[in-house]
Ligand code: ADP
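As structure tokens, one chain now follows by itself in the form predicted on its own.
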Amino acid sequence: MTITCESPTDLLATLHRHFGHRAFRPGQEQLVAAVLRGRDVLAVMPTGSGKSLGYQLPAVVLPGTTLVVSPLISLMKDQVDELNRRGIPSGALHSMLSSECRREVIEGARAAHLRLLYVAPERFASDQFIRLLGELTIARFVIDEAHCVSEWGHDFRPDYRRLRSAAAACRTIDGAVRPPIAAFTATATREVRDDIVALLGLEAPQILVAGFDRPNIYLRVEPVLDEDEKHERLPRLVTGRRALVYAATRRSAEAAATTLQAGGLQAAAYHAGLEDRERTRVQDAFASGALGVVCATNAFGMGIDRPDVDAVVHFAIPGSVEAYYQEIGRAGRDGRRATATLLWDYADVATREFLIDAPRRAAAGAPRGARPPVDPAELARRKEIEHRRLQRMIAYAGTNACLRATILQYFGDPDVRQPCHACSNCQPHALDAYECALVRTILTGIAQAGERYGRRRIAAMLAGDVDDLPPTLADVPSAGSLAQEQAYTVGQWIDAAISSGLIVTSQDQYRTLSLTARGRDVMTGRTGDLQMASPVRPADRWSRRRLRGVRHGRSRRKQL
């Protein structure tokens, strides 16, 4: 059904009334208009661009229920909770619901009380659910994470192949053969886009492809020697930040969370092996801000969502460039500067190869009748595709070229510029939001101390080591403001600020610290974009140690 009564003014009023926004983000208005016009749509927009509004706003306007297919239970929960909070009746059907909650959702859908109904793709294997679809008035058939339909998509799911026939089983308010289909994805190369159109049977679709660049995310690859070094670095990468840590396995997610907890950080693991109640607890705590860091496997961590995530760390190499880019897209959704760090150890490739091959071995020993038999040739083809995608990710991790340009070229984005000055290959010492705040805190501490103390005492004061300090220094407002950092680390940052011309030292024996004019501008925020040489990165230590051939015989703690 095509809706033409909503003028741009009407849409803006609806946008503000239901979603609290006074204007559309780039690309959103065109997407909303395309969905309202009733054409089939394929939208490829980066994570964080607000593409979910492309079907949520039309769902408020259109008569009937908008059916949304989503593979991520946690993301369904987040979106349904938020929509209901905004007064937009919504529900979800997935395996984590109790039978009573599932019955309530179905009754609400039958009574046409729901504007949006979220369902997992596995639901379409149920004949009972297909019959339910015939009882509903479906305004739009929305497919989120549509790359899952393609063998070339990084998260291929066979259940997505049922969606074309499922859409044909739906009815619309005007009796159309099937409702218009709107397919959404954040990461799709041209071959994946062509696959989506063919496999979903999209008819003369309007294809909207937004730029893939997320310029506020600083991209960083840090080589590591072994698993021990990952655990050493991890606290530094997430301290003081709201962060997601992506791990390759459940066990490594648990180990990463344990390391952070041992360092006094609020962190928890999130993966498919947890009890439903524990997963819900972790997700709700992160959503409310009570939990600062979640260590998740990629399949289940992608649904954890907050706009103010300012750090994403990959504890091991992901399986593809598509998966990596979608996962780092969880950072900086509020537009603030954020950092995405890949801890790169070539030994992790073996874990990824095992994960690619293991499901095939498991499938061979699965109980008879548990799933329909899969053609061995199909399994071999799928395995080959996944290995090829992994090799592309390995090439990204090891490149000396601009990291941002490497990703954008992979997706065929025409707006590729290099150097980007916002990745570890183009600008190795750019600062993220946390590091900028850390430098400003140091400058503030020096000013509050009257610019009368040296490096060691200022570092101790800021780190909260005040027992041996004179009372006039121990009692300044900034004392302990960097307690999450060691005094040694704060001292390194002071040295970096001196090298960058923000701080000067006196030439007498006391070597007291004082701020330069530029340092005062940075401290007060008059200089917004802080560019400076940061302390020596662990990656630099890694390079020097590799050249010396030093491995120290450390045992590997591979988490398989």
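Note that this is a predicted model, so its numbers are computed, not measured. Counting begins at 1, following the sequence as shown.
One more form of this protein exists, namely the form predicted in complex with the ligand; it is left out here, but the text below deals with it.
Heavy atoms within 4.5 Å of the ligand in the predicted bound form belong, among the stretches 495 to 503, 64 to 72, 49 to 57, 512 to 520, to residues of 49 to 57. In the predicted bound form, the ligand sits within 4.5 Å of a heavy atom belonging to Ala23. Although the partner is absent from this view, Thr239 stays clear of the ligand in the predicted bound form, with no non-hydrogen atom inside 4.5 angstroms. In the predicted bound form, none of the heavy atoms of Ser150 sits within 4.5 Å of a heavy atom of the ligand. Among heavy atoms of Gln79, some come within 4.5 Å of the ligand in the predicted bound form.
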